Ligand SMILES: Cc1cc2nc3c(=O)[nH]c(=O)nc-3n(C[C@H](O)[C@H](O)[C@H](O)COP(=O)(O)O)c2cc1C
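First, one chain by itself in structure tokens, the form predicted on its own.
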Amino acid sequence: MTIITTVEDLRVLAQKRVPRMFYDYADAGSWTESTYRANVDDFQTIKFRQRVAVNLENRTLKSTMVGQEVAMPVALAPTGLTGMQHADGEILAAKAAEKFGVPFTLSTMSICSIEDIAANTSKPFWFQLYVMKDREFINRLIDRAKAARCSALVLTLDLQVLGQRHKDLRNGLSAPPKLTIANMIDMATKPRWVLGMLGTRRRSFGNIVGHASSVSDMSSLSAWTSQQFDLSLSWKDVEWIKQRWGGKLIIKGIMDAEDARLAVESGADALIVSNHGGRQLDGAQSSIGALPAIVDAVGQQIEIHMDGGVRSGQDVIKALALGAKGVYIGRPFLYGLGAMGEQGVSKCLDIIRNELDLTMAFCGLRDVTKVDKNILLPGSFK
């Protein structure tokens, strides 16, 4: 029996159990993957100040994100094709997040639909929106998110064009996978994944197929998506979506202080410092590297979150120390999902909670909301 103690253990197990094209989709970046690697590596340069002889009783990780109480300041990030890591993956991840007490964010490009998540959870979840040229479709998506009682809208701004992801191109990524000889050989070595997929009807993009005009199957979907990402997206569109939504708005994809100021002006409730997990502009700064300047620029005006490169509870507390109010995990929970389904997502959250709690204690703190730069070694961060 494999003993799981770290997110890396989950990753190794997921790699064995998930077909290559979907594992690579989750665990890869664009072009040379330099930004993907920097997201992880730059966390390692930040060092802690260890403290001793401090009362560590009654520690708490409870906090809030956009006014919502959370068991720890961590949310599950929106990730496309989650339902291809494991059958009904978005439903399983949402259920694990609800039980744990952290937000789950459903991607526009999910396999399970908004309605699927609402039917299988009892608490509000978050919905991530891409802006498409078809504004009527966007209107309907927003209305569907409202009907599902989503408590926040996460608007992603950094995907007007798609970064070139070499592994996806080589693997011929599609959902469901094409039945090529190479794919069938690969899937034959992943029997539990295949059995799960045979047992579900959810194998395509549930938020789009049957909802967007002229999209009824995978072939029409491919043509639609290639034409729909909006090259003319502007901050006026953000303001329109804020008004149309009427609830909590979180803007994802901010990597520059000037864009952060524009996010504040747009009326957003929070922003996410994010480079899309290193999947868009290769050669961009790491998310943790960009965080301090954005906190300095607008940290007093808007709630700041971050994602990218987080692989442990120690990474979470480093981001909090540098000014983030909340941290998102994408790949870690996908590893857990691919490895062990809902149980694996819960295991991922348990691992991160334990690492976060113990690190906070070693740094001499009892309340996660009190974490600041004082827990870090001066000179180890910018």
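For every residue, the number given is its place in the sequence shown, counted from 1. Bear in mind that the values here come from a model prediction, so they are computed numbers and not experimental data.
Here the subject shifts to the form predicted together with this ligand, a form of this protein not shown in this document.
- Contact between H305 and this ligand in the predicted bound form is not found at the 4.5 Å heavy atom cutoff.
- In the predicted bound form, no heavy atom of K318 sits within 4.5 Å of this ligand.
- Remark: Y130 counts among the residues lining this ligand in the predicted bound form, judged by a heavy atom distance of 4.5 Å or less.
- Contact between V66 and this ligand in the predicted bound form is not found at the 4.5 Å heavy atom cutoff.
- Checking 296-304, 184-192, 122-130, 139-147 against this ligand in the predicted bound form, the stretch whose residues place heavy atoms within 4.5 Å of it is 122-130.
- For the options I329, A324, A339, I352, the one in contact with this ligand in the predicted bound form, meaning a heavy atom within 4.5 Å, is I329.
- Distance criterion of 4.5 Å from any heavy atom to this ligand in the predicted bound form singles out A77 from the list A152, A77, I254, I91.
- Taking a 4.5 Å heavy atom cutoff to this ligand in the predicted bound form, the contacting residues in 262-279 are S274, H276, G277, R279.
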